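Shown next as structure tokens: one chain only, the form predicted on its own.
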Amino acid sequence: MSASLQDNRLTALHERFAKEFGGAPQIVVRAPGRVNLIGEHTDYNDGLVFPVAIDRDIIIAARATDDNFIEIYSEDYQQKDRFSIADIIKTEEKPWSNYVRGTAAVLLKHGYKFGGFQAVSTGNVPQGAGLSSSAAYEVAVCYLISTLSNLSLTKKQTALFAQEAENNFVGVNCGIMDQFISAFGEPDSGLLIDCRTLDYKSIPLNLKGRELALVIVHSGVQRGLVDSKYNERRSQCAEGVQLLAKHLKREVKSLREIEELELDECAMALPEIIFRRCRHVITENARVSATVEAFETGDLARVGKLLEASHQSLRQDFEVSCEPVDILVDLTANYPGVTGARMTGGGFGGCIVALMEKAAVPGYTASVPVEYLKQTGLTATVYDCQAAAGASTV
């Protein structure tokens, strides 16, 4: 995103704050959305993921108050919510506020004390696209409260508390990846995260040096994880762990502990659908490691093949893609100058991610959405993104 566009957003945020609360905010913070290059549905299986924080974010302007109330206006929903810190309950009327309420509730649960504040939030992370607008909101709120009240939360604490809010308050049983990358992201880099240990390593992508663009394309198919079969897939993976432990006659805590050869040996002992769910997770972990190695050695052709293999696994074994997304991936992968493409996010709609030559982006943007519209009747939206920093003060 250009600096001028960011300045325009900040100006509008200050104007809205003055209109709603009078005066100026005390602090402005931001937290980015993310695109996952590879490693889908591996995070809650203690696996490996390789996401990138993107230059689309949630921005919150805030000012501490002397009372015990949080009052926040959402520019995106044109709504205001006000609730007492002493009595935080879930709201059905303003679902967007549950990310604020839930994050505050988790901090209180862990013994952190903080006062009330007034705030205005706005975001340009597309919602329902699989780019983690919800995680960005939770991380931004957590970072805001920590900064306003001098809680000195670490990045890891911020990510974990934000995930807990999503799991236990909002009601989406997500893994740690989305909140972790929103807190830890680095410019022009991907982050290899071991979701079992929370060890991480920043991997330079050097997209600028390689004349490559990170392109995200919204399929036009809206998705919502709470209402999707996301939680069902997680349960199927858990069932696979139980069955594999029984067959292998040893303790198995997650699919991360299973080798592909072991899974093949147990194939007849598993229901066919459970076998395929497990196969995706186990082979996807291997693809993450291979992708990181390919970036480090500059083997971009291999990166492309791994992205496409990931999509086929998500499509066939994990069954979280859909026909419009498959069409968009095929059109993208076959466009000249594209290194590779796949669906990204939880699935059931949302976005695809592609690496392509910078010079190819204008032609791609002008032609592929047109063909996609002809084939599906849906409008695809193209985002040319950059890898950005994690949560910070603006």
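All residue numbers are counted from 1 along the displayed sequence. No experiment lies behind these values; they were computed from the predicted model shown.
A second form of this protein, the form predicted in complex with alpha-D-galactopyranose, is not displayed here; the remarks below concern that form.
When contacts are defined as a non-hydrogen atom within 4.5 Å, none of Phe17, Phe117 and Leu148 contacts alpha-D-galactopyranose in the model of the complex.
Although the partner is absent from this view, Asp46 stays clear of alpha-D-galactopyranose in the model of the complex, with no non-hydrogen atom inside 4.5 angstroms.
Proximity of Ile274 to alpha-D-galactopyranose in the model of the complex falls outside the 4.5 Å heavy atom cutoff. In the model of the complex, alpha-D-galactopyranose sits within 4.5 Å of a heavy atom belonging to His41. Within this chain, Met177 lines the site of alpha-D-galactopyranose in the model of the complex, having a heavy atom no more than 4.5 Å away. Considering alpha-D-galactopyranose in the model of the complex, the lone stretch of 31-39, 63-71, 357-365, 333-341 in range is 31-39 [heavy atom distance within 4.5 Å].
The listed set Tyr230, Trp96, Tyr112, Phe184 contains one residue whose heavy atoms approach alpha-D-galactopyranose in the model of the complex to within 4.5 Å, identified as Tyr230. Contacts between 307-345 and alpha-D-galactopyranose, taken as any heavy atom within 4.5 Å in the model of the complex, involve only Gly345.
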